[in-house]
Each structure stands twice: as structure tokens, then as C-alpha cells.
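One chain comes next, on its own, written as C-alpha cells: the form predicted on its own.
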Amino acid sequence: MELENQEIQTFVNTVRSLSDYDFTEYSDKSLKRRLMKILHDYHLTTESLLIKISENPEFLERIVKDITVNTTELFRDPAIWHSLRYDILPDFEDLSTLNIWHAGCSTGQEVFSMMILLNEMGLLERSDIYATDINSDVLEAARKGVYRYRFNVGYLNNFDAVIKENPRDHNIYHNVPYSKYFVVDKVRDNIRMKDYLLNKPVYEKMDLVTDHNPFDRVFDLVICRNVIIYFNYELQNKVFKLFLDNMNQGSVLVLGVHETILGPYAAYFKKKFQAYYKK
């Protein structure tokens, strides 16, 4: 079943009339794909979906979460973490406090990856970690820091590539045990992050489209990977302005490997390595 543009627009207008959520400027392609999956998974037509979200606020909230959920993993895209370790984070070693914002943190593996890396660099104690997402369910998962072992076991190779190995000097190897940061329980099929990592971040629900910075500070490092790819050009620029207004001079914005800054806000950043430095 193929969705017509008018059906998508009617859904967007209905959600906006019933809640504070606004998908007006989401990527048409991404929104269409997610809506089609929702209709298939819930065995609904567009008409019955609209009726159900109009009559049931809890179902509306569930549908919004289905649309906004993003997948993540430990040390996703190791090349970016290599750049963070050897190119970007060393510039912040002299700061008394390093303020980091993970925007669109999903279930938190990226947040824990950052804390593990900071700890290996001796920067964790001097870092304040903040994380936001529009989806309250994934924020709760991030707070718990418990992940399925069998799903994540393959990503432990990413841990090895970033934490144990040095791609710029293959003679260097750091024998860092997983148990330093999390407990692996194969019987219960879970990986549980250590308490000192669980207690570090501050999480807040936030819609990058409509909300202001929920934290009383500006940031030295903003991580927003694989989020703006779901937004159209106009919405991307709104988010870039939000970041720009809440970053210190010389601070860094890291996007996903397939994301870039286009349009008017490109002039305010200089790309270097895997990052955009605020001019």
C-alpha cells in the first residue's frame, strides 16, 4: 500500500491539532516510510489510524514514539570515535569543565560510549554530560543502561577498535577489560552499565523542533548524529540555529557520517576532521 501525500499531510495536521508534536518539516521520505510501517504493524488504514489517535491520547503518544525512535549501538562508526579521541577531545584537555550535549541520544549507547572514552582520556571527572530525546521510552532505557547482550555482542568489536586499539599506531594496545565499564550476563542476555556511569548524565525530554535548551548552560561539544537526516532543509536550519545559540566559541558539533551543514549556517562553522567548529 502506497501512501498519498495528502494522507501524510492529514496525519501531520491531526497530530499537530491534538498535541505539541509537529512533523511538518520532517523529511517526506522518512515520515512516509515510518507511517507505512505503522499502518502495517498495527493493521490499520490511514482513516482508522486518524480515528484511533483522535480518540486515544495514549495511542497517539505511542505512534509518535514509533515515528521518532532511532537505533544506536556502542561506539557506532568507530572512525568518528577515533577522530574524537585523537583530533577533537584533546583540544578540551585544559578546560576546568567540559560540557557535552547528546541531542537525540536514543537509548543511550552513544552517551555511555562517550563516558567510556572520556574516562580513558582522564577527562570524565571534569565533564558534565547532558542528553535529550523526544522519546520518553528511549530516555528511560538510557537511564537504566541495560542492553541485550546477544544484540550488542557484535558491537563489542567497536569497543575494541576505539578503546583497545590505536589505528594511528598499531604498536599501541590498551588491554581494557569490558568489566571496567559494564557487566556482561550471558545467562540473562544483558549488558549492564556500571553505576558510576549510570549516575553521571542528566537526561531531559526535548523536541529539537519546538523546545529551547533545557539546561542552564552552553556547550563545548554537541553530538547529534543520525537525527537531522530525518528533517527537511528548513527544519535542519532551525536545529543548526538552536545548536549555534547554545555553543561556546570554538566549540564543536559532531554530525552523522551522512549529514552535513548546508545553507546559511554553514558560514558559522568550519569543518575539520569529523566535526564542525563554531567560528
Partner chain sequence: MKHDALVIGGSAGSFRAIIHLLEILAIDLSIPVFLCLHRLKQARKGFEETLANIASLPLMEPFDKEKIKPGIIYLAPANYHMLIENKRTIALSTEDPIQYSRPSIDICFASAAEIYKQRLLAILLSGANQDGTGGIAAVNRHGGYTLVQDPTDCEITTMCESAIKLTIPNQILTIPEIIEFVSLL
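Model, not experiment: these values are computed from the prediction. Positions refer to the first chain, counted from 1.
Keep in mind that the form predicted in complex with the partner chain is missing from the display, and what follows is about it.
Checklist entry - Looking at the partner-bound form in the predicted bound form, is Ser48 within 4.5 Å of the partner chain by any heavy atom? => result The answer is no: Ser48 has no heavy atom within 4.5 Å of the partner chain.
Checklist entry - Do Leu18 and the partner chain share at least one heavy atom pair within 4.5 Å in the predicted bound form? => result Taking the distances in the predicted bound form, the answer for Leu18 is no, it never comes within 4.5 Å of the partner chain.
Checklist entry - Heavy atom to heavy atom, is Glu259 within 4.5 Å of the partner chain in the predicted bound form? => result Flag for Glu259 set to yes.
Checklist entry - Is Glu110 close enough to the partner chain in the predicted bound form to count, meaning some heavy atom within 4.5 Å? => result Output for Glu110 is no: heavy atoms all beyond 4.5 Å of the partner chain.
Checklist entry - Among 38-46, 249-257, 51-59, 206-214, which stretch sits within 4.5 Å of the partner chain in the predicted bound form, heavy atoms only? => result In the other structure, the partner sits against 249-257.
Next on the checklist: So the partner chain isn't shown here. In the predicted bound form, which residue out of Glu165, Asp77, Asp128, Glu120 has a non-hydrogen atom within 4.5 Å of it?
Outcome noted: Contact with the partner chain in the predicted bound form is made by Asp77 alone.
Checklist entry - Is it the case that Glu73, Phe231 and Gln236 all touch the partner chain in the predicted bound form, with a non-hydrogen atom of each within 4.5 angstroms? => result The answer is yes: all three residues contact the partner (heavy atom, 4.5 Å cut-off).
Item to check | Sequence-ordered list of residues in 22-41 near the partner chain in the predicted bound form, where near means a heavy atom within 4.5 Å | outcome: The stretch 22-41, when checked against the partner chain in the predicted bound form, contributes Ser27, Asp28, Lys29, Lys32, Arg33, Arg34 at the 4.5 Å heavy-atom cut-off.
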